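As a starting point, one isolated chain is supplied in structure tokens, in the form predicted alone.
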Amino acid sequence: MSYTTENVRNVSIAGHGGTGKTTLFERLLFAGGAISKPETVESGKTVGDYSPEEIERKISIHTALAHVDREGKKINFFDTPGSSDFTGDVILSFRACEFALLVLDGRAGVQIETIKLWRNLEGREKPRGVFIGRLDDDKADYHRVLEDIKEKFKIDPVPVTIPMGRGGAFTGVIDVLGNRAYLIQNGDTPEKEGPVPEEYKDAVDAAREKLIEAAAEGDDTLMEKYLDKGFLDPEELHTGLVEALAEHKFVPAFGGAAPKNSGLIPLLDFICGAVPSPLSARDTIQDGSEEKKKIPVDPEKPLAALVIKTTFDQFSGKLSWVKVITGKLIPDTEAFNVTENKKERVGKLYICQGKKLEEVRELCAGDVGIVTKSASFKTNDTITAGDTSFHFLQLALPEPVHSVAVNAAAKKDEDKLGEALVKAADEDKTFRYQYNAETKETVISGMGELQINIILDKIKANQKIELETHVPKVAYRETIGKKAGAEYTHKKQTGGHGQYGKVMMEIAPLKRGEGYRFVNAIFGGAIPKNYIPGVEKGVIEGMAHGTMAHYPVVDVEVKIVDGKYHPVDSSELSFKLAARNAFREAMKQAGPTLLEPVMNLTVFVEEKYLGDVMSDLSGKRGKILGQDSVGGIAEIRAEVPQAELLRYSIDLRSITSGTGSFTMDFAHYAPISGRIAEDVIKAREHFKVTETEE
């Protein structure tokens, strides 16, 4: 069946780990008729958690996509992971959806990942709602969680459904918009519709009044009528809610108990009736001038789409998830990959129910589907109907926070390991790997220990190879503290032409982060112009390995002030070697200093762990820059040397019983001295610098 853009809804189900997202996803598919029998996470048979590693660990690791057909509308649901280790898959779903449903535990309320996800959605100005689950638990309290949301996010969520009873007395929910009750049934049976019990009518009236106020906020004309007459008719209420939600003027709240199929039908009805279609959305492009601008989702314009995810299936091969922004994507047609600057024929086109693929004839603007076995498509690629100068902005992914050095136990398996790491990085853009020539290590980086362990376990199982891991070495730098000068004459006499070049230079420190500056101050042809490139090459080679611990040298100005050449024996090589040695001699006299990388660190923890985390950061030579607290969740901002953070994901998990999380990015290099510098130098005693005279 084909769907038009106005009949597509894209909904991301997100939230803190363990709040019941996959169960809600499964039960929504059941309530919507997409599956005949709902499964549990424990069974390993859910639509959302289908990979071997998810089934084994009983957690979501990858985003799953499935859809429900309801009232002629196609609702795409993204089931996303809750662990911060897999945040990249949550972000791709946020990019592809027009509405995010944050799932909260009716017992715990707002948790750390809830806050981080909310901030991400705020930055995107993305419409969102909340589903408060597990209301059949004795410790759950729907209204307390609503107050928790209000306190922490400074918004007043508007209930669309309200619970009937609490804990063991919970019998179902009331749909405030439809003025109908939905009662829990026994077994895997959908909730049953019925009239609102008399004792809840006052609560429903009060909740409906809040919904009418929210609808009036969506349109000035409706607000005038509401203020004048005190009510809105059903059609006006619907129109106002659609407009207010599209402009993120209110946050609808839903409740239920997904394992008992409670709260699902009112949620589906609201998504069909009030959640914005893709026609309300805008996506950001950059043209040839790198100017950013927003373009609307438009089915009438030529094809433009973004590849949001890449996966590899053992049966179907490479799968490219594509969000169509404008036009239509049609199988067996030619498309242009703007990112790769090449044309490619699109083969078969699919939509999916978890791992099950369903072939389709087209994909309209706003919809999400899968292209199989594409040669060039990869995550973040822009696909268009023809040659164009614009491309969509890439997914705004966080920087990795945890790194491990890895190698194959057997040297013969290194190529196999490299190929597997490339594929893993294609599938998960928060996972990266590179060979560090400085430390001579292959370093992999990701969002946490769990993510990296799962990737490595998968490689070991699939490739049948043994791996070795260790803490990666830190890429230190060297610089100078004062001005100095030196000269060096390279002179070598062999049979025939000899080698001769003399260089005099002065070096001086630059501000931190300025890198390197080369100044040619030669007058009168003391060094001919055609040899100056050789001089600079020699300086750069000299900076590649400093004089303290053989780390690269940064933040230095090098001025060539004089020299001497021989009309027969001089060459570019002679001046390169002279300059390299002159630089090293000058550096020895210029107060050489070791530099270490310092990171910006932001830590999110429950307030009860604040003191322990602050104490731990102080012990790691951290500099606390500030802290905020929102409703029991503390955010600590600090600058900490990278050397102290190589195992921080493990340390923080230990301190906070697994509840804390953090983000990290590079800040600057800072000088180190004393015992710390001595230890760094000692660790490099056996480092060999191999250089050749070309």
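For every residue, the number given is its place in the sequence shown, counted from 1. Just so you know, these numbers come straight off a predicted model, no measurement behind them.
The discussion below concerns the form predicted in complex with a small molecule, not included here.
- Residue in contact with the small molecule in the predicted bound form (any heavy atom within 4.5 Å), chosen from Ala667, Val41, Val630, Met664: Val41.
- Interface residue among Ala420, Ala258, Cys364, Val605, judged by heavy atoms within 4.5 Å of the small molecule in the predicted bound form: Ala258.
- Proximity to the small molecule in the predicted bound form, taken as heavy atoms within 4.5 Å, picks out 258-266 from the listed stretches 424-432, 115-123, 258-266, 447-455.
- Residue contact with the small molecule in the predicted bound form: Gly18 places a heavy atom within 4.5 Å of it.
- Shown alone here, Thr23 lies within 4.5 Å of the small molecule in the predicted bound form, counting heavy atoms only.
- Looking at Gly538, you'd find every heavy atom of it more than 4.5 angstroms from the small molecule in the predicted bound form.
- Although the partner is absent from this view, Arg134 contacts the small molecule in the predicted bound form, with a non-hydrogen atom inside 4.5 angstroms.
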